[in-house]
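There is one chain below, alone, in structure tokens, taken in the form predicted on its own.
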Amino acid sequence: MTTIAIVYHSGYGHTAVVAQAVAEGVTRAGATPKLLKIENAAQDFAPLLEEASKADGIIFGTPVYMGDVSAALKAFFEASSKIWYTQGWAGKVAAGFANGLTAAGNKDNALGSIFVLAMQQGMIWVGTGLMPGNMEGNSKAAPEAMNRLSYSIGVGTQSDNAGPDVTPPSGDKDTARHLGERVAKIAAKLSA
């Protein structure tokens, strides 16, 4: 069975909500999700690296802090250098998601940082494959619209100054589910 690792850091719980939605999409595709939460930048990453290495694909998630990935995810990336040296993740499917307070907030830069790590690792990148959320004749995408923030490189989600039980909105979670499902299906095809 196809396994997809979801490696993420969540500072306040919002990115964890997105990670859970991604996992639901992986399950919907008939694959097995492995949620691998990064606690902090100083932890021992060996168990997470080992679990991620067993998976058929890896989806990375981050809150956006100061326009980029969190320090904890960046530390995980740096800890993967031994895997890079042997190209241990080469050929695995990769994707990413980034969550932040504002609609834009340089999520594209954070997703770009994830993309660069995946490319250095020799992975196969999967974007959303979705049209922008405002393509249905709306000048502004509603919170329940899929891909309302119009990211194609990965999933960009937005959380207001409220708890993770309230935000991000349903459309962002649906977009995350879509990414999980898409990555799992592509990983299954490549494994066949």
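As the structure is a prediction and not an experimental result, all values here were calculated from the model. Heads up: residue numbers just count along the shown sequence, starting at 1.
What comes next is about the form predicted in complex with a further copy of the same chain, which is not displayed.
Visitor: Quick check on residue 178: any heavy atom within 4.5 Å of a further copy of the same chain in the model of the complex?
Guide: Taking the distances in the model of the complex, the answer for residue 178 is no, it never comes within 4.5 Å of a further copy of the same chain.
Visitor: Consider residue 36 of the chain shown here, and say whether it contacts a further copy of the same chain in the model of the complex, taking contact as heavy atoms within 4.5 Å.
Guide: Output for residue 36 is no: heavy atoms all beyond 4.5 Å of a further copy of the same chain.
Visitor: How about residue 29: is it within 4.5 Å of a further copy of the same chain in the model of the complex, going by heavy atoms?
Guide: The answer is no: residue 29 has no heavy atom within 4.5 Å of a further copy of the same chain.
Visitor: Counting only non-hydrogen atoms and a 4.5 angstroms cut-off, does residue 129 reach a further copy of the same chain in the model of the complex?
Guide: Within the cut-off, so yes.
Visitor: Go through 165 to 192 residue by residue and record those having a heavy atom within 4.5 Å of a further copy of the same chain in the model of the complex; state none if no residue qualifies.
Guide: Stretch hits, in order: 182, 186, 189, 190.
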